[in-house]
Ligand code: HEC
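Only one chain is included here, represented as structure tokens and corresponding to the form predicted alone.
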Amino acid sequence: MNSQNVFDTAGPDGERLATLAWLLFGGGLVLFVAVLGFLLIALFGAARARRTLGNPRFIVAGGILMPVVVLTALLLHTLGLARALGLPLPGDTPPLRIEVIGHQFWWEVRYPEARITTANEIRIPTGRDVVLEVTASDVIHSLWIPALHGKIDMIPGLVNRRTIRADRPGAMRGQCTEFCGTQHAMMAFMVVAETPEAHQAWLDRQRLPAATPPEHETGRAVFAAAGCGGCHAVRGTEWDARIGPDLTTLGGRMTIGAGILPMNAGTIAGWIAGAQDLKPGNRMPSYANALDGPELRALSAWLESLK
């Protein structure tokens, strides 16, 4: 899937919202055509037709009664839809709880039961309720996954909750929908829905400390010398800072820079060298003048190997 499309749904709540969107678009189109038709009649129609449009009964019916009936029906439908959104999945399986914290301009994602932290990517099992507990560390953000649910605001000091569920595997794009600064438009994330077995295997891998094969020792040494551990955590090492994203499994994510580039060693190197050129105003400094070519390649290769 890998799209940000309200009509490309992957769960029951997304389907309900897509149905509402089609209803609004379709109804709006019908009303637009009707109004345009009446306008053409008023301008170019026969005298008898124009007199009919000017009849007080027609005006009351079309200008008062019809909007009241249509808007009341739409209100009742929307209230029923709002009540149905987020209803728990029948069964004894408790929902998975995931904490999401908005930062300028990236997403911190925590799995409390598994005691792991990732960034810019939310992994969920299919067929199971997932409760997103969202907040923000700096300014107001808003999380929106069009394929699964509507937007939910992320407010510093307040935890909001939203229940989502995916019925089929796939990758879905999400976006911040509350203006939060210069790079608001470049603050995206991915939601990856996978089978329960695949999700459990992913969680098991996430719990493991980062491993450094011998061929990547140079890259690890560059990471240490450049002071990257002052902002980033790598599980199983001496680096546990929380200023920037956790990098323990960076290479296993789909994107880098909160959705702006695909994940590979080349884009990692480009991000490290020119983070302020690619995403001006974020907190990651550019290291083009601090690292030479071999150091940059070694560092990006090590980070890409962290999966």
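Residue numbers here begin at 1 and follow the sequence given. Owing to the predicted nature of the structure, the values given are computational and were not obtained by experimental measurement.
Just so you know, the form predicted together with the named molecule exists too; it's not on screen, but the next bit is about it.
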Using 4.5 Å between non-hydrogen atoms, is residue 227 touching the named molecule in the predicted bound form? yes
Using the partner position in the predicted bound form, report whether residue 189 sits within 4.5 Å of the named molecule, counting heavy atoms only. no
Please run the contact check for residue 20 against the named molecule in the predicted bound form: heavy atoms, 4.5 angstroms, yes or no? no
Since only the chain is shown here, I'm wondering whether residue 231 would be in contact with the named molecule in the predicted bound form (any heavy atom pair within 4.5 Å). yes
For the named molecule, considered in the predicted bound form: do all three of 9, 146 and 175 come within 4.5 Å of it, counting heavy atoms only? no
To verify the annotation, which of these, 41, 243, 31, 60, has a non-hydrogen atom within 4.5 Å of the named molecule in the predicted bound form? 243
Heavy atoms, 4.5 Å, the named molecule in the predicted bound form: which of 137-145, 204-212, 101-109, 153-161 makes the cut? Say which one. 101-109
Using a 4.5 Å cut-off on heavy atoms, what residues in 194-225 are near the named molecule in the predicted bound form? 223
